[in-house]
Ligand SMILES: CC(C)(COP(=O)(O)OP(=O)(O)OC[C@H]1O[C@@H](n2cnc3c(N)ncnc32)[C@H](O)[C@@H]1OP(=O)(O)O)[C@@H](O)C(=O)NCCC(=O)NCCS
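Here's a solo chain for you in structure tokens, the form predicted on its own.
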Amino acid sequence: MDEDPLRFELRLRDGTPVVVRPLCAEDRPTVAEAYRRLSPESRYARFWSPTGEMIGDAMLDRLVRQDPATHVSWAVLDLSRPFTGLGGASWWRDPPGGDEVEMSAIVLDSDHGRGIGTLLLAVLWLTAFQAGAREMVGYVLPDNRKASRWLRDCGGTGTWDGYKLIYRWKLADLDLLPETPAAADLAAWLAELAPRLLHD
């Protein structure tokens, strides 16, 4: 059987072996359980409104339905755990073929600080660039200081529109990454994954 070119076996910076791959329709139960395991604060930070423990079918469909031109979703999995999900991330592009994609990411509360979000950011960066986007943007509520600091440390240029913080990356210019540990991790993942995700 041919190896899936979009399934990567990697190691987190703490040495944990993980699998990184796109979500698919069969992942619906895993995504629903990951959502249930999030704290109310994490759900609010991701969806910007109070939500219960159950994710709706429409959102599940939206997350697992892939379209390389307009939307991709990836997951980081630890296959040694009873529940394998560690985190996931997506980018969305409207209109199709536009220069900008909007990114979002979530990591289970118990797995914060392990570099999972930075790994996912690198995957989004490369897949968006491969799809023809030239800029990536992420939105954060102002009280989410932890996410704001991480996006800034990963090189996002922040602005404020009176309601939310807006972080942008120029996908073709790695020279803009700051000298921070998070940006160094991001650059390392970009260098490792670029040969696998970028092609003519």
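Residue indices: 1-based, along the sequence shown. Everything numeric in this text was worked out from a predicted model, so none of it was measured.
Below, we refer to the form predicted in complex with the ligand, which is not included among the displayed structures.
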Exercise. Out of the stretches listed (75-83, 110-118, 126-134, 91-99), which one is close to the ligand in the predicted complex, meaning heavy atoms within 4.5 Å?
Worked result: 110-118
For this session: Just give me the single entry in T157, T70, S42, T30 that has a non-hydrogen atom within 4.5 angstroms of the ligand in the predicted complex.
Result: S42
Exercise. Of R37, R62, R168, R149, which residue is found within 4.5 angstroms of the ligand in the predicted complex when only non-hydrogen atoms are counted?
Worked result: R149
For this session: Determine whether any heavy atom of P181 comes within 4.5 Å of a heavy atom of the ligand in the predicted complex, and answer yes or no.
Result: yes
Problem set entry | is_contact(K164, the ligand) in the predicted complex, heavy atom dist at most 4.5 Å | no
For this session: Report whether the minimum heavy atom distance between A122 and the ligand in the predicted complex is within 4.5 Å.
Result: no
Exercise. For R13, is any heavy atom within 4.5 Å of the ligand in the predicted complex, or not?
Worked result: yes
Problem set entry | Any residue of 57-83 that, in the predicted complex, places a heavy atom within 4.5 Å of the ligand | none
